[in-house]
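Given as structure tokens, the chain that follows is alone and in the form predicted alone.
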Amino acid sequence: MSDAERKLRTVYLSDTTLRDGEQMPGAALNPDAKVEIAGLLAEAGLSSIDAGFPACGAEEVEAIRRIVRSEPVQVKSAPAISALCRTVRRDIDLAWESLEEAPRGKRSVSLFIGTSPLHREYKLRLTADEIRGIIRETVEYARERFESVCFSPEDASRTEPDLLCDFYRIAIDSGATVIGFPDTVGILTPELVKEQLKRIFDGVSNLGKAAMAAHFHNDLGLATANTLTALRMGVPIAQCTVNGLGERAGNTSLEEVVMAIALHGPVLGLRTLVDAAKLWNLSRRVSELTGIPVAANKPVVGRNVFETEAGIHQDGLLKHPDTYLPFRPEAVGAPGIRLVLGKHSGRAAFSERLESLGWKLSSGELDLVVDFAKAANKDAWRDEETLLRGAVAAAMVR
């Protein structure tokens, strides 16, 4: 590690694909799939894994048990494994049953309760005082078994600031080692993140006794920006999901945060422990196992990131790949650049593809092939090689 890298502050990325990501409609995972994904996350260098919600049922408990027994999670450098709980003793007991085989320092429990006016009045029908008592009682109970206890006030971003700070103070006094800041419905902007975090930093007198974790949803397309803002402000932990999976518009995308920091670490003053070269395979495997496709234009891991049909871009990429790429494919473990032929393509891309197929044409022949191919309908482009062979044959006849 260089001297410059040593000066960067390490931030810790916690993955919640197996819990919050799985809540995306249609993304349910069986225990085998969860174990495989957990192994890939461990190999990629994630600091912790939110493995599931034991209260969901016996299969969830079994999946977490199998994760903690798996070889990638048993090694010393493996991520911590966490289970989600409501602020209910029975949930905490189930979390303990799920995680009891994990190494002592690698098991964690995360408690949540809704704290915004909407949640208190309509969902929970509890007063602020009742919630204070629940937080105190359940966090203390969790600390009797777990060294690491996270408390997250659900819908924190819509909770009254003074009351939110009071809930945090009570949780920390009761033994919480981590406090979460969840933007549960994804309404914040970077400026609002700054405002809300500053209130918390100023208003929670015992904040120095706990670490803080940021958890943003992507309903406004701002989850990555909000996460980077929180990390720059000093929050040490951020929760993400592979491919941005999650409720509604999803969660903060793991791959976006990793690559933003990889490219701009010195400016941000940050670095992560995640191996960016593992991201492409991780993304593809999670997509296959959940059945949720990766959008072609998905930042960082979308197919189109390293594909182009535009002639000017293709010409530039052939001359030097950095002309139209923010980072090389190998940075994220992607297979390489692909020049897609179509009506927007230029002569350079056609020439490169034809040479790869064994044809070296004169300038005039190349012009004829390009004109023939561009006149073809969309269906003909589904079999690019056959189309090009036909175009070459037509050019030779002329």
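Computed from a prediction, not measured in an experiment: that's the story for all the values here. One rule holds for the numbers: they count along the sequence shown, beginning at 1.
What comes next is about the form predicted together with a small molecule, which is not displayed.
Contact check for Thr290: every heavy atom lies farther than 4.5 Å from the small molecule in the model of the complex. Using a 4.5 Å cutoff between non-hydrogen atoms, Asp20 counts as a contact of the small molecule in the model of the complex. Though the partner is left out of this view, Glu154 does reach within 4.5 Å of the small molecule in the model of the complex, counting heavy atoms only. In the model of the complex, the small molecule stays beyond 4.5 Å of every heavy atom belonging to Arg107. The chain is drawn here without the small molecule; in the model of the complex, the stretch among 74-82, 311-319, 97-105, 210-218 whose residues come within 4.5 Å of it by any heavy atom is 210-218. When the small molecule is considered in the model of the complex, only one residue from Thr184, Ser253, Thr138, Ser116 comes within 4.5 Å through any heavy atom, namely Thr184. Contact annotation: of the candidates Phe146, Phe112, Phe167, Trp280, the single residue with a non-hydrogen atom within 4.5 angstroms of the small molecule in the model of the complex is Phe112.
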